[in-house]
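This document opens with one chain alone, in C-alpha cells, the form predicted on its own.
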C-alpha cells in the first residue's frame, strides 16, 4: 500500500503546502481512496498519476473546511471527466445537504451515482481489497480516524479445498482466482471461500484532527502506519496556552513510542512552520521535537510525495 499526500497544511494553504487531503493506494492495481478533501485537492491531483475514474471511495474525517471544501468541485470534475461507477462518500451528516445543495445550485449534474454515508452511523465499509473502520477522536467538533486494512492480500487459491470438493482445474479455478463467483454442479461458489492471503494484511491508520492521541491506543497497536496531525510544537502551545483541539509533535511522538508504532507520519502542520530550515519556526522544529520522543521510523509528510510500505514493513519515499 502507498500513501500520496495531496495537502499537509493546517487551516490554510501555504505556497508549498495545500490543505488536508491524503490518497491511499492499493498494493496492486490503480484503485485508490481519498481521506479528506480540502479546497484545491482536485488541482493537486493534476500533478499526480491518480484518476478519479479509479477512486474507490472518499472518507471525510470532520466538518472543518480545510478537510472538506474541495469535495463538490472534485465530484463535479469527476463527472465532467466521464466517471460512471457509483461512488461512496463517508462524511458527517451535517455535510450531506451542503454537498447536495452545492451541486444543485451550480447546476452540476453527476454522471455517476453518489452515495453519501453518514459517519455517525458508520459500522464499517469494504470492497474486495480493503476493509475500513473508524476510531473516535477528540477535537473541537466530532472527528474520526479511518483504519484501512487489506483483505486477503496477494491472494492464492486454496487448491486443497478445491480438489477436496471436486472442483475441476481450469476455467473455474481461473475465475475464482480473479475473485469471481462460479457455478459448479448447480452450486454457486464464492471466491472469498477459496482464496487465502499470500502475506499478512497491512493496516494503515489515517486520522483527522485530534488532541488526544491516546484514544488510538487499541487501533494503533496493530497498525503498520499511523498518520496523525502535528499542528504545533510544544513551545508554541506553551506560549499561546491553547491547542485549538490539536496535537503537538511531542504528544504524538510520545504516544507512538509507548504504543510501539512502527511507522509514524506527521502531517497537518500550521502555516507558521516554514519549509526553509534557516527561518524560524520551521518544519524542522517539528521533526526535531518528534525525534526526541520517538525512536521508530519517523516521516514528515510532504505535499505530492508518495510513500511505499514495503514487505519489510518500513514506509519509505518513492523517487
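Numbering follows the first chain given and starts at 1. Remember, it's a predicted structure, so these values are computed and weren't measured experimentally.
Separately, the form predicted together with another copy of the chain exists; it is not shown, and the next lines address it.
At a distance threshold of 4.5 angstroms between non-hydrogen atoms, residue 15 is in contact with another copy of the chain in the predicted bound form. Residue 245 falls outside the set of residues with a heavy atom inside 4.5 Å of another copy of the chain in the predicted bound form.
Contact between residue 73 and another copy of the chain in the predicted bound form is found at the 4.5 Å heavy atom cutoff. Contact check for residue 267: no non-hydrogen atom falls within 4.5 Å of another copy of the chain in the predicted bound form.
This chain is drawn without another copy of the chain; in the predicted bound form, the residue among 77, 138, 131, 190 with a heavy atom within 4.5 Å of it is 77.
Exactly one listed residue, out of 85, 196, 212, 106, brings a non-hydrogen atom to within 4.5 Å of another copy of the chain in the predicted bound form: 106.
Across the options 41-49, 254-262, 285-293, 272-280, residues that bring heavy atoms within 4.5 Å of another copy of the chain in the predicted bound form belong to 41-49. Contact annotation for the candidate site: 220, 225 and 298 all lie away from another copy of the chain in the predicted bound form (no heavy atom within 4.5 Å). For the stretch 80-108, the set of residues having any non-hydrogen atom within 4.5 angstroms of another copy of the chain in the predicted bound form comprises 80, 94, 95, 98, 101, 102, 105, 106, 107, in sequence order.
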